[in-house]
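Just one chain is shown here, as structure tokens, and it is the form predicted on its own.
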Amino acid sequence: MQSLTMTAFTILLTIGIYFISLRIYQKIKIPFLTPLLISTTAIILVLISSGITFEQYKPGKSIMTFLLGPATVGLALPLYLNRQLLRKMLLPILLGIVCGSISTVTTAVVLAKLSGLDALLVTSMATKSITAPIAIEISRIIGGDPAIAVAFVVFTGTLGSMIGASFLSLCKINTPVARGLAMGLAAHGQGTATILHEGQLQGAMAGVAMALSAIFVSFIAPFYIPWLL
């Protein structure tokens, strides 16, 4: 009974803090105070101050993580609503995803090598712009560390969700399709959730970019990344 109460409390705590963070962001609109960053920081502080351990938080986390599946499938709705535009722009979208996927992998590896990072870090960093489950498997295949790879994925998604939309606006990239594709490619799930607040079309394109880039990179990574290294 106590464990069920703790699980319910951690779920309600996470949801409550997220919605408070979302309201704060909607009022102040500061890129560095995205709901993801505010809520993550607040939850960590609450858990530490209340003495709740990660093991106690884990059952609630597992339930919320499981619900990511239906939430991801839910991205198909805005995609369906914009299916005519997707058909019309299919070739440019596919070309953009292919070029964007190759460039994210290439720049990550090249910049990491130029910075003199350890080979293991370079290999693990190569999958930073792919959604976490696929990044883990690719990292294992190419000789990286899955834990380090996930850390880079989370950092990339968090940073992308914080500054991605503002950076696109700074670069005068205002087309909804382009903004969605860029956020989905560069910042995967977190970027998709952020850009979805701008509109259904941006969210739909981000979902397409996130899914197709992950599939494309999973095919080329075992050959392309070792070649880069």
Partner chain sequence: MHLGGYEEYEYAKVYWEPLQDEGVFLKNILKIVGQTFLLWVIYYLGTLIVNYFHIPLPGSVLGILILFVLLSIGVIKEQWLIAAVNPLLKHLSFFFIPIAVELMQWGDLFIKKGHLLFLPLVVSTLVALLATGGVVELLTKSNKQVKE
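Whichever C-alpha set is largest while still superposing within 1.5 Å between the two forms counts as the rigid core. Positions refer to the first chain, counted from 1. No experiment lies behind these values; they were computed from the predicted model shown.
Another form exists, predicted in complex with its partner chain; not displayed. Remarks below refer to it.
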**Item:** W227, heavy atom within 4.5 angstroms of its partner chain in the model of the complex
**Value:** no
**Item:** Close approach of P59 to its partner chain in the model of the complex, 4.5 Å, heavy atom
**Value:** no
**Prompt:** Wondering, does F32 line up within 4.5 Å of its partner chain in the model of the complex on heavy atoms?
**Reply:** no
**Request:** Although its partner chain is absent from this view, report whether S169 comes within 4.5 Å of it in the model of the complex, heavy atoms only.
**Result:** no
**Item:** Members of 129-166 lying within 4.5 angstroms of its partner chain, judged by heavy atom, in the model of the complex
**Value:** A132, P133, I134, I136, E137, I138, I141, D145, P146, A147, I148, V150, A151, F152, F155, T156, L159, G160, I163, G164
**Core superposition between the shown form and the other one, C-alpha change of Q84 at least 2 Å** = yes
**Request:** Verify the C-alpha shift of F19 between the shown form and the other one: is it 2 Å or more after superposing the core?
**Result:** yes
**Prompt:** Taking the rigid core as reference, does V177 move its C-alpha 2 Å or further between the shown form and the other one?
**Reply:** no
**Relative Cα spacing, S161 and T53, in the model of the complex - shift of 3 Å or more** = farther
**Asked** How does the C-alpha distance between Q190 and K61 change in the model of the complex compared with the present structure, closer or farther, given a change of 3 angstroms or more?
**Response** farther
